[in-house]
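The data below hold one chain only, encoded as structure tokens and taken in the form predicted on its own.
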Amino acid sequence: MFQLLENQVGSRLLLPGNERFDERRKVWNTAVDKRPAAIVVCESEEDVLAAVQFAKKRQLSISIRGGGHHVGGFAVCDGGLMIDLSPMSKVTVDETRQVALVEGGATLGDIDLETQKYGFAVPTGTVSETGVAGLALSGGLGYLRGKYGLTCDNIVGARVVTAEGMAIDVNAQNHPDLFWAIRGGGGNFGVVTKFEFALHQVGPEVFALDVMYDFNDAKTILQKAQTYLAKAPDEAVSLNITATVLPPAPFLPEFLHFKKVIMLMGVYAGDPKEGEGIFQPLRELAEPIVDQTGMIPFASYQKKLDPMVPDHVNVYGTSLYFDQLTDETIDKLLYKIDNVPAPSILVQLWALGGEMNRVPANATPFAIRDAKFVLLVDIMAMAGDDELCKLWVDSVYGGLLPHSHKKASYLNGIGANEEATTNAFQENYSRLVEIKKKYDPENLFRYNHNIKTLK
């Protein structure tokens, strides 16, 4: 069946039984264990074209691997064709236009490594091993969101291989409907082989918040942080608050092993001298356990959370937006954290505001532009704990849903869920349906937060 495709891509086609097949079908979340009919490890746009054209002709569904880092495991599929972009990771800086040209398999770390040579940054996420394609296509929340918006807001152009097997340039002038759709509408519309991102002057060193408190002070910290954020400038509004249980890692002092803590992190996206004074109140919300706030290379800070998000573990996650953190919401969340069935958790509340919330809700598919916080919950299951962990995550979502903002979730933080998809897109959903009908009427690209064209 695959002889024609093999003639075009050669050894880059992996079939079951190939010694590299099982390794290539692995994704970050090993709770997702799927077996595609074949994998094409793409080294060029020509490989992508060959793969899509073959899949269309054989009516095979397509999954697309950028970084393979989504909790839903959308990069891999059962029985379809998996397009693996990971070798396509080149990043080029165009100083004149102040844009970064980024191939679809690049990670956030790849981008930072190149752009920081020029003192520039693309607003991306907070784990350097994340693939930029999945992140950008469904949003992209990082430390620069308050000053420079979401990753999807910074897409100024893209090269897209459509379901018809054609490569097209997409921007505000060419295929403007598709340009609108890929800035938040997910991987529903084609394979993005190259992005053009706007660049902003950041770094190489930044003033960064990095303070750790005892979890027993969590309620006070959340209350005080919310008060602080109400008056925070754009440069400081991108605050990440994380509750976790510290691992028994050799780089941590023994008294912190298995300790439940709450961490505050953020980059001051402006003059570092100003940042020190503006961040100071966040260092005094309670008695800190550790305070490493100070100057740090931006690229290094972008990797700070990497050890807390290890590869190849069973992960269950969920997400919700909030307009405010009421005492009831805080109490319910902290109760859930206190009664977690496994020690490896990452419960994050990210403050939303500034530039990302000034973009009109219909300017891109990313419709939630008026929430104040997003909750991201991940739990890593130990052997035999999967069902307990899944039930716990579902209970967090169900328990907090009535208190949430528009019952909406951040799609980069939740698995496949039709209700979550429609709630996230709000009034933009119907427009996405029409664009999906135009560019992918047979729904070849369905392994994502899927836009349903048929009821």
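Keep in mind it's a predicted model, so treat the numbers as computed, not measured. The numbering used is simple: start at 1 and walk along the sequence shown.
Not on display, but discussed next: the form predicted together with a small molecule.
Peer 1: Report the residue, out of 74, 268, 213, 120, that has at least one non-hydrogen atom within 4.5 angstroms of the small molecule in the predicted bound form.
Peer 2: Looking at 74, 268, 213, 120 one by one, just 74 meets the 4.5 Å heavy-atom criterion.
Peer 1: Between 181, 155, 141, 237, only one gets a heavy atom within 4.5 angstroms of the small molecule in the predicted bound form; which residue is that?
Peer 2: Selected residue: 141.
Peer 1: From the candidate stretches 397-405, 382-390, 57-65, 30-38, select the single one in contact with the small molecule in the predicted bound form, where contact means a heavy atom within 4.5 Å.
Peer 2: Contact-bearing stretch, as computed: 57-65.
Peer 1: I'd like to know whether residue 409 contacts the small molecule in the predicted bound form, with contact meaning heavy atoms within 4.5 angstroms.
Peer 2: Close contact is absent here: in the predicted bound form, residue 409 is far from the small molecule, nothing within 4.5 Å, heavy atoms only.
Peer 1: Taking the shortest heavy atom distance, is residue 126 within 4.5 Å of the small molecule in the predicted bound form?
Peer 2: Judged by the heavy-atom cut-off of 4.5 Å, residue 126 is in contact with the small molecule in the predicted bound form.
Peer 1: Since only the chain is shown here, I'm wondering whether residue 309 would be in contact with the small molecule in the predicted bound form (any heavy atom pair within 4.5 Å).
Peer 2: Although the small molecule is absent here, residue 309 would touch it in the predicted bound form, with heavy atoms inside 4.5 Å.
Peer 1: Verify the contact flag for residue 115: yes if a non-hydrogen atom of it lies within 4.5 Å of a non-hydrogen atom of the small molecule in the predicted bound form, no if not.
Peer 2: No, residue 115 stays farther than 4.5 Å from the small molecule in the predicted bound form.
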